[in-house]
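Take a look at this single chain, the form predicted alone, given in structure tokens.
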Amino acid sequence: MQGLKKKTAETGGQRAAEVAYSAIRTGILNSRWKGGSHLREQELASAIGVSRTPVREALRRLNAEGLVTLVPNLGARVNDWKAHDLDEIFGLRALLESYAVELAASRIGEDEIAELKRLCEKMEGLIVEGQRIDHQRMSVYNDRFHGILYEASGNGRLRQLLKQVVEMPLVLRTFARYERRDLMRSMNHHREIVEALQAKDGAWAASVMRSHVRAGRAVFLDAATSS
């Protein structure tokens, strides 16, 4: 909990509700609080260094995003995503992300293509046989990769929908679930998506993205059903 206090000090003049929201949301997405964990308002307020009112507002926002469920007069409970939840989420991702790259194929610029290639190299550089994979850095690079694709779609509403859908499984998600072979397959998908975008072939890009998302779905559902 010390990390939450430090984060508050660094944010300075931000509104208390925004500070509380950011701190709690980050904690959930980073698995500080597992699915089913009870978040008590007073404990959060003390840890973050704000009053209960901004914590209450932050929990309402997180409830609207689907990350927590409000518990009357107590606080909230971190949502515990089950196999059927992940199945629904990845189904939506396959539709939305494939549409995003199909749009991006006709709009993406050379600078974005170059950045996607650099991110591919960085991610591939983390998968070295015999060495421990830095999953945190992998996750950062991967999120940036997909973020560029969303931006290149040029569709603001689609980007907002993807933001809502993709963040839900992050509660459960970590690249530590992936075996090395799963990561290599994922990296190959990334490379082929970039090739398709460079060729301005939206149908090709969309097809690979669907395969990419469904492969991730298989990994997560296997982990969810075996846990």
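Numbering starts at 1 and runs along the sequence shown. From a predicted model like this one, the values you see are computed outputs, not experimental measurements. Take the two forms, superpose them, and find the largest set of C-alpha atoms that agree within 1.5 Å; that set is the rigid core.
In what follows, reference is made to the form predicted in complex with a further copy of the same chain, a form of this protein that is not presented.
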query: Triple contact flag G36, L62 and R137 to a further copy of the same chain in the model of the complex, non-hydrogen atom at 4.5 angstroms; finding: no
query: Stretch in contact in the model of the complex with a further copy of the same chain, which is absent here, among 126-134, 113-121, 88-96, 140-148 (heavy atoms within 4.5 Å); finding: 88-96
query: Heavy atom within 4.5 Å of a further copy of the same chain in the model of the complex - residue from L183, L158, L29, V50; finding: L158
query: G154: touches a further copy of the same chain in the model of the complex, heavy atom cutoff 4.5 angstroms; finding: yes
query: Heavy atom of A45 within 4.5 Å of a further copy of the same chain in the model of the complex; finding: no
query: E192, heavy atom within 4.5 angstroms of a further copy of the same chain in the model of the complex; finding: no
query: Any non-hydrogen atom of D201 within 4.5 angstroms of a further copy of the same chain in the model of the complex; finding: no
query: Partner contacts for 24-63, taking a further copy of the same chain in the model of the complex and a 4.5 Å heavy atom cut-off; finding: R56, E57, R60
query: Rigid core superposition, E41 Cα moves 2 angstroms or more between the shown form and the other one; finding: yes
